[in-house]
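In structure tokens, one chain follows: the form predicted on its own.
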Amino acid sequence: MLRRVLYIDLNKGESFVEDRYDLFEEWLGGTGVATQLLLEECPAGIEPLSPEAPIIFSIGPLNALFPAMTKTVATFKSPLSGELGESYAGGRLAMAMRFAGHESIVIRGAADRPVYISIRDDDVQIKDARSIWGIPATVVGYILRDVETGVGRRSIIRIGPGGEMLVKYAGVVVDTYRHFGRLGLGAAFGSKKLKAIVISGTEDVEVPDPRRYREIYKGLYKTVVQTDAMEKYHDIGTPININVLNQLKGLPTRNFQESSFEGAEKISGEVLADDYLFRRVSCAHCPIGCIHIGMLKTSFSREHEYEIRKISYDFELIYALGSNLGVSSPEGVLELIEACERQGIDAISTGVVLAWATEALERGIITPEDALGVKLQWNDVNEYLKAIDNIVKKQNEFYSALAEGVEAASEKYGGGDFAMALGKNEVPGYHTGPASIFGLTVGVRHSHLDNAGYSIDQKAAKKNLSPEEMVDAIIKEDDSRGVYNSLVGCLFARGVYSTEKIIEALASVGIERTEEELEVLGRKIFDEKYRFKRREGFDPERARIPHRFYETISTMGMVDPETIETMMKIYRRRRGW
């Protein structure tokens, strides 16, 4: 079986394919393979936005073959954190890569003018993108779909002005409603003058034992659609967590000054589903429909009374641009989400940056002159919209600092105690307790999706867990997700894909693995990611933890810094560091 890696050199305008069967045999696919390719391709100490810093995409052995195996992983050196950049996106990209016959794509170098890459099977072309440079991310897809072939088996990924302007938390929009959002992949695109990638293919996917494959597929499909395992993701989606976390006092509000929001009900998943939901969309080869699209109807002009905008929303976006900014209107939240979509910047980072800036202005750390007269104050949507535009345009020294991320901005102006980033990545929407804080600090990409520390806190709130038990749970999740993210599956379906089901699914496509082998692989993948992180200067024991975490009550009560220090000692011992 061929395991094809497509290499594209933007400097030379060339591409070639290599069979890397040995790489996939050892590391399975997805994040396991992508991490190895990053270690191979990225010189130590290189600047993240230099031409020598590569971008890598990878899929796994179950993509386009089983339900909810819908993700693609991107690895790169993060412009935001300066170390491991890793992001995941759904949509049609994994399917398109599978049908094009490429399990990984490595992009080297940088173009001397704006370009986009067109991939159709083995035909790779680097095309002029000067006419679409500067166009919003929300519009580029409409343009490219009319000039590129492959409809039905095609994925279009692209950046907006935020990526072009090298905002360090710019993302990449995937097929309109999905994203490589975290850690600045959009800026990496922009540094290479790469506006977009269009991928399509005509290849069929063959399995060695069709009968066995059908049996496993039917069982997994039945679990996905005929049980309640994923029902909540279809009905209300992740925004169901707004009310849940608010009741648990775990919903960050006004830059983590509080952990519950008086306006939570107004921007809850239930209200959005009842009053604003336009449709539900699925990633390719997923029957759930967890992508919730809201309809925002706004006044446009006298000649055209209303404009209808269709905006995808989920919990993290509602937290970052809602409760964390004190915004209590659904329309306001949707407008702010749409502004981030248009500019192609990460909504979580944007919300955290704006929350810090609002508090910094309140405290006099920055001046109205710094903000160019923008009245940054809680719940003022129009002023926040102006600030987003100023950040992307880097209108002055202050907004240029905000474009570097909240940690960089606080290093320049002060206010580090309430600059809410861990591992230099702006934090997600959970103030549940020590496991969440610690999990984000040591996680490979400083994301709640690394080890679900927030979930461990919620379990600890019901059943008292010792620091040792919380650390063991974090390590187990970190390692097991290394395997799952090598498949590459949607984490919403991780309850469906037990270790036993993963082994059966792999066997049905000709890959034999034991439970012990998968456990060892998960640990190895984690260690390899940390090899890259340490090589690029990350030390978890020296990571900055904002003091605000210790000032605001969480789901688990007030968090003691000594608890985090104790967990770090236990973690080091468990990891053998």
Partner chain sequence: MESSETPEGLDAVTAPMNPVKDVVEDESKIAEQKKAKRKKMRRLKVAHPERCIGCLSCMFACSRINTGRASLARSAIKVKTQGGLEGDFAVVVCHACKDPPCVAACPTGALEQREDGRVVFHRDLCQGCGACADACLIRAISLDAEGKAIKCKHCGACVAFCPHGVLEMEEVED
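Numbering follows the first chain given and starts at 1. If you're wondering where the values come from, they're calculated on a predicted model, not measured in any experiment.
Form predicted in complex with its partner chain: not shown, discussed below.
Chemist: Based on heavy atom distances of 4.5 Å or less, which listed stretch (113 to 121, 437 to 445, 206 to 214, 451 to 459) is in contact with its partner chain in the predicted bound form?
Modeler: Among the candidates, contact is made by 206 to 214.
Chemist: Decide if the three candidate residues Ala64, Tyr142 and Val151 all line its partner chain in the predicted bound form, where lining means a heavy atom within 4.5 Å.
Modeler: Contact check passed for all of Ala64, Tyr142 and Val151.
Chemist: To verify the annotation, which of these, His179, Lys168, His102, Arg92, has a non-hydrogen atom within 4.5 Å of its partner chain in the predicted bound form?
Modeler: Looking at His179, Lys168, His102, Arg92 one by one, just Arg92 meets the 4.5 Å heavy-atom criterion.
Chemist: Considering Ile365, Met295, Ala507, Val225, which brings a non-hydrogen atom within 4.5 Å of its partner chain in the predicted bound form?
Modeler: The option sitting close enough to the partner is Val225.
Chemist: When the contact criterion is heavy atoms within 4.5 Å, does Phe300 count as touching its partner chain in the predicted bound form?
Modeler: Output for Phe300 is no: heavy atoms all beyond 4.5 Å of its partner chain.
Chemist: Taking its partner chain as it sits in the predicted bound form, is Lys476 near enough to touch it, meaning that at least one heavy atom pair lies within 4.5 angstroms?
Modeler: Lys476: no, not in contact with its partner chain in the predicted bound form.
Chemist: Answer with yes or no whether Gly495 is in contact with its partner chain in the predicted bound form, where contact means some heavy atom within 4.5 Å.
Modeler: No, Gly495 sits far enough from its partner chain in the predicted bound form that none of its heavy atoms falls within 4.5 Å.
Chemist: Taking its partner chain as it sits in the predicted bound form, is Lys310 in contact with it (heavy atom to heavy atom, 4.5 Å or less)?
Modeler: Because a heavy atom of Lys310 falls inside 4.5 Å of its partner chain in the predicted bound form, the answer is yes.
Chemist: Only counting heavy atoms and a 4.5 Å limit, does any residue of 264 to 287 reach its partner chain in the predicted bound form, and if so which ones?
Modeler: Residues within 4.5 Å: Arg279, Arg280, Val281, Ser282, Cys283, Ala284, His285, Cys286, Pro287.
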